[in-house]
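Shown next as structure tokens: one chain only, the form predicted on its own.
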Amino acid sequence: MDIVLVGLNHKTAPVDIRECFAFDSLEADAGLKELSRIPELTEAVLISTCNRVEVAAACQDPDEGVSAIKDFFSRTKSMPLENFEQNLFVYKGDEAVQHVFRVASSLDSMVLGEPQILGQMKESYRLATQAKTTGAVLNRLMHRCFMTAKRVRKETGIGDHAVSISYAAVELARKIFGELTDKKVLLIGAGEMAELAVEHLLNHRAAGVFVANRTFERAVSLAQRFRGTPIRLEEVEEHLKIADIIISSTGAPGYVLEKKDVKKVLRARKNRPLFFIDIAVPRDIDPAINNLSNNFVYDIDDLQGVIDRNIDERQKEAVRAERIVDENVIKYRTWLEGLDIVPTIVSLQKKLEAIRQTEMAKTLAHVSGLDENGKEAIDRLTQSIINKVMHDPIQFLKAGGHREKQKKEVLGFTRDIFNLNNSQNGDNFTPDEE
């Protein structure tokens, strides 16, 4: 049994290609049913997010498995293979396992360390188990990938340090104020990043929000969303006396707040810190405000600088994360190799037990006067003989008492001398848990 993985992601395919191969939940369910009908694949999981579409599969022949998955993509998305084959990546064996573990651990994400991918992987696995397209091989693979991702998150700092403008703003605010519990936020203008920053601040228990906008109706709408208070632009200067964090994101051609505006309220603020987050381009906040005592102005470039430094920190942590991934790839490979041996051991045990039962029945049919105690004694005797005879060969197979490259020959030889290929193959058995 081997594992293959075929897919495309943000590194190998532009968005106009990726969007052609996206699967929503209904399409994913249909896709899994289609995968289950492909004879070259014994198990499959379909992973589809905004940045990647991948199929991980268990198969007997890796080359046939890869071809079958490529054909699946082409057929289900009605696109000739030659139009997208150059965008595909293909992994086999350990590389496929390593890729799955790296994806779940957010080492392959567009934003290194982002946490959403693990939830998306779990949802993909849930759909696959619901469609019954997984078995012992991929069940173990996915459970180990979740465990690996959990270790990476717990033992490294790959998820620390803000890497988005909105989170970076919150991180800076916490450095200035410590706790944000009683801090008031003034939002000037609106924009996606500014609104996200307000949401994050409120999640960190900021005390309240004032919303000012060129269009007062828009201010009312946003204030309702944040359970805040709408104000007119003319009231901004007055609210500088009570606000602690100013987030500005207007489309104004010049400064919305200048140094002289802030200077007027310094006495009323009694030297309390005032933090300006200027997300607008052109800038809304006069950078000269930074020269006033306890006033801090960060524009979009300052925030991006914070993010760049944080990304460097995450990259350092990624080295430790890769080590955890590699360690778990080895553990999974060891388990998978054991899986090849189990059917042979089970078949051998079944065959010898069948022989024992048959010979016991023949013998007891010709023995008279034997009571139940006598029959049980013979049963235990024959069981003991079988167990002792089989002990060394089974231990040899389990312990890998042969070179890996000879494994197929050893298993084949064992099956040949005991004529196991015509016996029950023990497919319902899986190796012992680690």
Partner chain sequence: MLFVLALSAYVTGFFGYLGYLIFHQEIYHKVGHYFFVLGLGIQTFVLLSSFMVTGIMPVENLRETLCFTAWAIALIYVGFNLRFRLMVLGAFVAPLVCGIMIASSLFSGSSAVSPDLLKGVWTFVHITAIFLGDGAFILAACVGIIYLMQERAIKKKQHGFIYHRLPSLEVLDKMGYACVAFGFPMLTFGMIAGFIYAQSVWGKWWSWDPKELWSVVTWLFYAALLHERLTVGWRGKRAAVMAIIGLAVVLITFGVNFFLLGHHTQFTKF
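Positions refer to the first chain, counted from 1. Quick caveat, the model's predicted, so the values are computed rather than measured. What we label the rigid core is the largest C-alpha set whose atoms superpose within 1.5 Å from one form to the other.
The same protein has a further form, the form predicted together with the partner chain, not shown here; the description that follows concerns it.
K.L.:
Looking at the partner chain in the predicted bound form, do all three of Leu5, Lys70 and Phe84 come within 4.5 Å of it through at least one heavy atom?
P.N.:
No, the whole trio is out of contact, none within 4.5 Å by any heavy atom.
K.L.:
In terms of non-hydrogen atoms within 4.5 angstroms, which of the given stretches 254-262, 171-179, 126-134, 231-239 touches the partner chain in the predicted bound form?
P.N.:
Checking each option against the 4.5 Å cut-off leaves 171-179.
K.L.:
Out of Lys270, Arg227, His143, Lys362, which one falls within 4.5 Å of the partner chain in the predicted bound form, going by heavy atoms?
P.N.:
The residue in contact is Lys270.
K.L.:
Since exactly one of Arg75, Lys316, Arg205, Arg309 fits, which has a heavy atom within 4.5 Å of the partner chain in the predicted bound form?
P.N.:
Checking each option against the partner chain in the predicted bound form, the one that comes within 4.5 Å is Arg309.
K.L.:
Within a 4.5 Å heavy atom cut-off, is Tyr332 in contact with the partner chain in the predicted bound form?
P.N.:
Tyr332: no contact with the partner chain in the predicted bound form.
K.L.:
Quick one: is Val297 in contact with the partner chain in the predicted bound form, heavy atoms, 4.5 Å cut-off?
P.N.:
Val297: yes, in contact with the partner chain in the predicted bound form.
K.L.:
May I ask you to state whether Asn290 is within 4.5 Å of the partner chain in the predicted bound form, using heavy atom distances?
P.N.:
Result yes; Asn290 sits at the interface with the partner chain in the predicted bound form.
K.L.:
Verify the contact flag for His161: yes if a non-hydrogen atom of it lies within 4.5 Å of a non-hydrogen atom of the partner chain in the predicted bound form, no if not.
P.N.:
Yes.
K.L.:
Aligning on the core only, does the CA of Gly178 end up 2 angstroms or more away between the shown form and the other one?
P.N.:
Comparing the forms between the shown form and the other one, which are aligned on their rigid core, Gly178 does shift its C-alpha by 2 Å or more.
K.L.:
Core-aligned, does Lys122 move its Cα 2 Å or more between the shown form and the other one?
P.N.:
No; that C-alpha moves by less than 2 Å between the shown form and the other one.
K.L.:
Taking the rigid core as reference, does Tyr298 move its C-alpha 2 Å or further between the shown form and the other one?
P.N.:
Indeed, Tyr298 is displaced by 2 Å or more.
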